[in-house]
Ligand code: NAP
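In the form predicted alone, a lone chain appears below as structure tokens.
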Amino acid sequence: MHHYDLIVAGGGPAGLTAALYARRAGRTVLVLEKAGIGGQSASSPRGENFPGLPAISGAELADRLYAQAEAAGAAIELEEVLEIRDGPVKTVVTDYSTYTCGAVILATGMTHRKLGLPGEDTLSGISFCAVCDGAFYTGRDTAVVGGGNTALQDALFLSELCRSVTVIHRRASFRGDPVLVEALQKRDNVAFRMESTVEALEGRNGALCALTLRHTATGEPSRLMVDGLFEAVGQQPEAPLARTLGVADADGFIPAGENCRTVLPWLFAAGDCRCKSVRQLTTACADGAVAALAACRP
């Protein structure tokens, strides 16, 4: 059984930054990621607000963070953490192996929120990542549901590939940055369905073919023919581990102050899973640094 000074659950910006800082402090560290290195940020087509990098894709930033942590000597494995046991040493059980350590950082991030409609998990044509799946819809009709920056960025990305993109939002105005809205309004193949919600998914031969929309003010239904639907209606914390350890609040976030310490002296929280008001790449990386240095203190 391998032992590490520190194990980080989550391979997003917070987790990889934590690994880098722990290694620079001379500690052995293992990062465990169940899905893909970079977390949710890896699916961002273009970021323009990371200091020192005026424009970079989420995938490229994830690659750079990974390479830097690995070069510093961090061990990084694609394994899902199933259980964390307390004791004189902490035991971390994954779907592949078992490890021990002195401290743990939960940097488990967020997961996509769904619409909760019948067929959402079974029909092909439903996606949460325009960068990952957009190429499958080249020359076809798609829709994006959501009103934040993620939805707007997804629509911009898809507009370069698809015959048409319809942006569906339940409110009369977007929450996202005005500059993104203005860019979309200039695209001839982008349409808007404001004050509208997706009420039902229609499939044919197992594939999405149409959406039933409902106007939030008038209640009037309408039908929109699409080949693909990209959902960007928010995220929720990846909470199973935190709930099992008894450190999650009612919404699944982990109460931890700016020192990233939880109520358990050996457990720290970093990134979007931590209770805080601002969730950005910069704050995730900051959390990773703070949590790692706190975990490395005697």
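The numbering used is simple: start at 1 and walk along the sequence shown. Source: prediction; values computed, not measured.
Note that the form predicted together with this ligand isn't included here; everything after this is about it.
With this ligand left out of view, the stretch that reaches within 4.5 Å of it through heavy atoms in the predicted bound form is, among 214 to 222, 141 to 149, 97 to 105, 120 to 128, 141 to 149. Using a 4.5 angstroms limit between non-hydrogen atoms, residue 170 touches this ligand in the predicted bound form. Residue 82 falls outside the set of residues with a heavy atom inside 4.5 Å of this ligand in the predicted bound form. Proximity of residue 153 to this ligand in the predicted bound form falls within the 4.5 Å heavy atom cutoff. Contact annotation for residue 54: none of its heavy atoms lies within 4.5 Å of this ligand in the predicted bound form. Interface residue among 210, 115, 78, 190 relative to this ligand in the predicted bound form, by the heavy atom within 4.5 Å criterion: 115. Interface residues of 233 to 256, taken as those with a heavy atom within 4.5 Å of this ligand in the predicted bound form (partner not displayed): 233, 234, 235, in sequence order.
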